[in-house]
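As structure tokens, the next two blocks hold two forms of the same chain, structure 1 and structure 2.
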Structure 1
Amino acid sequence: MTSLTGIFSRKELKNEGKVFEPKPYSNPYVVGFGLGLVLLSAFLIMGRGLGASGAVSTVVAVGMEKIAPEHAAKNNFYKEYLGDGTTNPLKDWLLFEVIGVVVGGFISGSLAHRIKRTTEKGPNVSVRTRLIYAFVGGSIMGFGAKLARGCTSGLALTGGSLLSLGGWAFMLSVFGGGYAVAYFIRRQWL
């Protein structure tokens, strides 16, 4: 089938016996510059930086309120994310930003043929072990991010470029904690 634009025919040609190879990742300095511009535009337009873990907190707090409203109302942590009841807690800046992150990641991955159902791991561990580590690591991270009031995006990137003392102390601690235990986890990655 031919099309007016020629797009279909070109696609058909490419598909003939050809597997799309995932493209290599971009130059880190170029990516960093682009990421810096995204962060800068958040500062200039919104007067705030980026984030990620806050969106999870909102979802957890709203979930707790649905399941156990009295229990959630007594807890200052959940209350912080639920607000005073005059606004919908799900109309949250970070939550909308994170939905954008999911979409943006998918667009970039699609363009570079990097969307794939797989599990990323080192050659010496099973998928099952890797997934257990992923869950445990995620839990530890969720807890740590809440204790620190932010994660790599909200505190290290955002706080770092705003020269916040807490942001820099946090960033150095993240690298410190990571390097301190990396040796013991090496089987998973190397």
Structure 2
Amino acid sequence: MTSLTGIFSRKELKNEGKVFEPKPYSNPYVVGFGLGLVLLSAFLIMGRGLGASGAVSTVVAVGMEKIAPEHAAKNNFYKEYLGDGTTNPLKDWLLFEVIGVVVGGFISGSLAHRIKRTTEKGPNVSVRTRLIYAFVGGSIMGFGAKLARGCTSGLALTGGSLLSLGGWAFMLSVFGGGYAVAYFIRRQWL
């Protein structure tokens, strides 16, 4: 039997004749505390906090420089991510952080026996509609991250830990917006 979100999934996974049951998710309070330690370590070791949207912007800027170097050289947005030309912009801390998040997530999912191809959705929505909503929501979040000059991890976690008014306002807006929209889309998940 599989629940709506897969959180309480008891579906057995088979691998080489062995039957594996997914391990339960970690306690969110313990994971939150661990994330705080990771953020503190990032400040102590790297001298800066966490973030992800800067890595995407760096990859886009490098791609634009390869495709249209004159345009990239004249554009202030791209110049910010390309640097002064003395170092490779792909050697940025945030890029390695995002790669580590992807690799770490895969390892964690493998150890918990949760790697499977599926689309999490409610019973009242099709896979196609779910993917469209995910794409639209992700696009809005990406656009908002560029407007706010930081993503959820950069603006909320790093900014909030530095007691930035913008970081706290962002997090209150994210939670408030989530609760406001949840009423209108709840039927798709119930």
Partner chain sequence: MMPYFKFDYFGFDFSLVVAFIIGIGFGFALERGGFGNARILAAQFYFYNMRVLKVMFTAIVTAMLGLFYFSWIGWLDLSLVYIGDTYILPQIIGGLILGIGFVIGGYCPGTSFVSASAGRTDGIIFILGIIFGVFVFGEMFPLLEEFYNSTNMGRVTLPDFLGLSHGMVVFLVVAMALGAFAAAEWGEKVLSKKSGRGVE
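Small disclaimer: the values here were computed from a predicted structure and weren't measured. Each residue is numbered by where it sits in the sequence of structure 1, with counting from 1. Rigid core (definition): largest C-alpha set, two forms, superposition within 1.5 Å.
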query: Of structures 1 and 2, the one that is the form predicted on its own; finding: 2
query: Cα displacement of Gly100 between the two structures reaching 2 Å, rigid core superposed; finding: no
query: Cα displacement of Thr86 between the two structures reaching 2 Å, rigid core superposed; finding: yes
